[in-house]
Each structure stands twice: as C-alpha cells, then as structure tokens.
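As a starting point, one isolated chain is supplied in structure tokens, in the form predicted on its own.
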C-alpha cells in the first residue's frame, strides 16, 4: 500500500487529484493506527518552506494569472500556487504513507522482505532506517534543549544568526549519529552478522485471506487509476 500510494503521488501533478489521494492516505493511515497527528504536526513546521516553494514556482514558472507582480516580475501566480500545492501534497502523501510502516514490528518487516527474496542486508538496512529516524529526531531535540538550558533563545534571534546557530548544531548532531552507528556496527559484527551466506529464521510469516484481498484490491485500484489517467 505504501508503494502504491507513493507511486501515485509521483505520477500525478493535479492538486485536486493529489488532494483526493492525500485524504485517502490519511484515512488509511488512521485506520492502521499510524501517528497521523504527529505527522501533520511535523508538517506544520514546514509551512514557511512550502510558502517559499509557491513563490519560487511563481518566479521561475511561466503561465497562469499574476497575483503579485513587482517591477514586471511575477512573485506569485496561479500556476505557481498550483505547482507549490502539488509539491506540498506530494510530500504530505509520502510522509503519511511512510508512517504506516511504523505500525509494523521491524522484525516482521525484515522477515517479510527476506521471504520476498530480497537480500537480508537490504532488509536490515530498511529496518535500521525505520528505527534510527526517531532516534535522530530525539538527538536533535536533546541538542535544542541543551541550548535552551544555556539561555539561548532561538525564537528571538534574527534569521542570519539563527541559521548560523543551526549550522553549528549540525556538528554535535552528526557526531552523535555517527557514534550510534559505530556502536551498532560493532554490535552486529559481534553477533556474527554476514558470517554465513544463508540465514535461517524460527519465524515464518504467512498471508491470510484478508492479506491477499487487501493486496489484490490495492493493485486493482492502482491499475484502475492509471488506466483512467492514460
């Protein structure tokens, strides 16, 4: 389902179609118990970036009706707003659909990908990425809290000073991530990771009737939408 929704988000450009797809994605993620509210909260922090996308698209994309024009240069147009809205909705769909993966046990994801004959190294990388993204966010939040405890108020700084401060924050953040990655690398090597070409597992996942129905319905929906598109 994540693959299907993400592919459709990339295939379409019309804001109305993407808005419908975003509504379906949000409903599906909520049905699976994914953290939809948390994903929307994180997206809210990027509203300034999205507004900048709309302006950039208006400046560098010709066409449409000019809404804001200064000195013969169009700063905001209907085409730019449509392109900006498409980018915003596309990112929203991908982020929310990816949150569906967080509802599954990482071990089940690794086992399922392995049973799909995907190399275990790649399956393990996917599980590590799902596991490390929340840790990366926690590392960034801890760094910001440490700054606030030292009396630094980022919200009161000017934009140039704030960007300089964020640039300095990257060093301890990257150092912490690399330290975690090194510790994990040592841990998996001590447990014999990749010591043998073939791996066995005491767990084995099996599809049920509902699983096959869901996969078939998803594939059929994607084919129908693409057929309507063409």
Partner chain sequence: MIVAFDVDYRYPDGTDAVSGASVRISPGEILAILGHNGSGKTTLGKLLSGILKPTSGRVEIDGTDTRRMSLGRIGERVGYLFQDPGRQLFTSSVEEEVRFALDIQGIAEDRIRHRTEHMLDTFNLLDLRKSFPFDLSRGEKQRLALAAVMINEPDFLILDEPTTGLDVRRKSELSRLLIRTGDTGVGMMIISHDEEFARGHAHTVMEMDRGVLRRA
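Everything numeric here is computed off the predicted structure, so don't read it as measured data. Positions refer to the first chain, counted from 1.
Beyond the structure shown, there is the form predicted together with its partner chain, which is absent from this document and is the topic of what follows.
J.: Select, from the options 163 to 171, 23 to 31, 186 to 194, 201 to 209, the stretch whose residues sit within 4.5 angstroms of its partner chain in the predicted bound form by heavy atom distance.
T.: In the other structure, the partner sits against 163 to 171.
J.: Quick check on residue 153: any heavy atom within 4.5 Å of its partner chain in the predicted bound form?
T.: Yes, contact at 4.5 Å.
J.: Residue 147 versus its partner chain, in the predicted bound form: is there a non-hydrogen atom within 4.5 Å?
T.: Contact check for residue 147: yes, within 4.5 Å of its partner chain in the predicted bound form.
J.: Is the gap between residue 122 and its partner chain in the predicted bound form 4.5 Å or less for some heavy atom pair?
T.: No.
J.: Quick one: does residue 115 come within 4.5 Å of its partner chain in the predicted bound form, counting heavy atoms only?
T.: Output for residue 115 is no: heavy atoms all beyond 4.5 Å of its partner chain.
J.: If the cut-off is 4.5 angstroms on heavy atoms, which of these, 102, 79, 143, 111, is the one near its partner chain in the predicted bound form?
T.: Residue within 4.5 Å of the partner: 143.
J.: Just to be sure I understand the contacts: of 181, 175, 52, 70, which is the one whose heavy atoms reach within 4.5 angstroms of its partner chain in the predicted bound form?
T.: If I apply the 4.5 Å criterion carefully, the residue I get is 175.
J.: Which residues, if any, of 122 to 143 lie within 4.5 Å of its partner chain in the predicted bound form when only heavy atoms count?
T.: 135, 138, 139, 142, 143, in sequence order.
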